[in-house]
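Each of the two blocks below gives one form of the same protein chain as structure tokens; they are labelled structure 1 and structure 2.
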Structure 1
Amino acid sequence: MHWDHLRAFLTFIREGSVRRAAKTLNTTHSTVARQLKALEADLGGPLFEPGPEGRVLTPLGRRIVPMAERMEDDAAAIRRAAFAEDTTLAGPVCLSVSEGLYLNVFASVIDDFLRHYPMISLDLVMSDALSSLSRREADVVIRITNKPPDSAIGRKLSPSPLCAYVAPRYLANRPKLDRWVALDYGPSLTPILPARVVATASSLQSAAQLIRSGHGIGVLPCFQGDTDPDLIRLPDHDPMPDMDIWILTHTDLKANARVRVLLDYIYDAVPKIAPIVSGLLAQSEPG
């Protein structure tokens, strides 16, 4: 039995199809298919059965999933241990930020960081889906949460309040504040919706776009709404507290030199970014 075939197995059951699994494994579907077949042959029994909606796991397949996942966890722990040993300031470090936070808040800080440490090659993952620290999909993440997981350590950078935003053209066309844009978004900041929902967006950017176009009023993090020149805060509304912005790394990785300087550099930039995030920034006037 080849241990690497178990990785193909795990990826396959997560992705649901041989081709998608091949994509995330950076190979081809024929390779994944062959590896799965080889795994079944080595184990002496089928792991899948053809079902009505794609393949379905056999009892044996279902039984080995948790063990394969433990192997994956240990493999990730090994990679973390190796990465933590690296005490040089040259080499890669992977940072995961959501697109909105990067564009509106951290872009210039990260620019400065790269200039300050030219030997570090920053691997910037812009993803709303929260990259997993324990699977080593990222070394450092900047995340909006109110309780970081136990396996992570880091610092709270700033509170990130929410506020209701609207486009000036909406107010010009329609005096009643009864059309809203909802946000159905990974980090679960789906605010209360007091009135008719005319649209639902699945990302900050698309919600902002819908509000900009005058379709309705929407609740956004202040760092998103305040930095948008085409949006204004809803008159007579104040920011409301929500979650906090944290910078986090895995406990195992805190010894790594590049992780350390990245954490410190961004924490030291808090005075620069806190006003943008916490809603204290003088809001730019609509254009």
Structure 2
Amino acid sequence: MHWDHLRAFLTFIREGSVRRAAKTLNTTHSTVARQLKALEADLGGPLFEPGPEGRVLTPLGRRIVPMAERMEDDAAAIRRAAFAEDTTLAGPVCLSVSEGLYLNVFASVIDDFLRHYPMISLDLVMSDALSSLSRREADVVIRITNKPPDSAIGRKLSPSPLCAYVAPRYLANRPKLDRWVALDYGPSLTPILPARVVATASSLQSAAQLIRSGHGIGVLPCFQGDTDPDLIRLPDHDPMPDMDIWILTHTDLKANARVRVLLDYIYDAVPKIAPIVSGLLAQSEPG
């Protein structure tokens, strides 16, 4: 029995399809399918059976899930222990950050970091999901959250408020009933003034582009709206509190030299980035 087969089994359960499991594991569809079949052959019975909405776990499949998860936890703990013992400043470290935060806030910080530590190989993962630090999907994560995982340590960098933004061209020909560009995120979905929804965007960048193009008003994080030269804050509307920006790592990884210098470098940059994130750079009037 191979651990890779059990990992494919757990990933397939979590992702719900072979295609998505293959993407998560950075492998091919055929490899995941082959690993699942090999695991069933090793165990001598089927792990899945047809269900009303696709394949579901058999009794054997359900029985081995908690055992496989314990093996996964142990394997991850071994990898974290080995990584934590690495005291060199040469080698890989993985940072996960959302694309919006990276482009608007952290790009210059990361650029300076790589210049200062040329022997570090940075694996930069653009993701809005809170990557699993316990499974080492990332070594360090920067996220907007109010609930950091219990197994993580780190620091709150800054509050990240929201504000309503608009393109000057929209205000120049503002309709009687405003148009609203919704971002698929709770506080940004519903208009904060009388308006009809003309578009709903699933990403921060696409929502900003629609607002920038004059299609309507929308709520964005201040770090996105205030750094965009083609957007202004909607007059007479103040920023709204939302969540905080955290930088986090797993408690087991804090001793790794590369994790430590990355954390410290970003901590030292807080005075530079906090005004951008917290909305202190805004222009409150059109112009």
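Numbering for residues begins at 1 and runs along the sequence of structure 1. Between two forms, the rigid core is the largest collection of C-alphas that superpose within 1.5 Å. Values in this document were obtained by computation on a predicted structure and should not be read as measured data.
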Between 1 and 2, where do we have the form predicted on its own?
-> 2
Given a two-part rigid split of the chain between structure 1 and structure 2, flag whether residue 241 and residue 226 are grouped together.
-> yes
Smaller rigid part's rotation against the larger between structure 1 and structure 2, whole degrees?
-> 13
Backbone CA shift between structure 1 and structure 2, residue 26, after core fitting (angstrom) | 4.6
How much does the C-alpha of residue 64 shift between structure 1 and structure 2, in angstrom, given a rigid core superposition?
-> 2.6
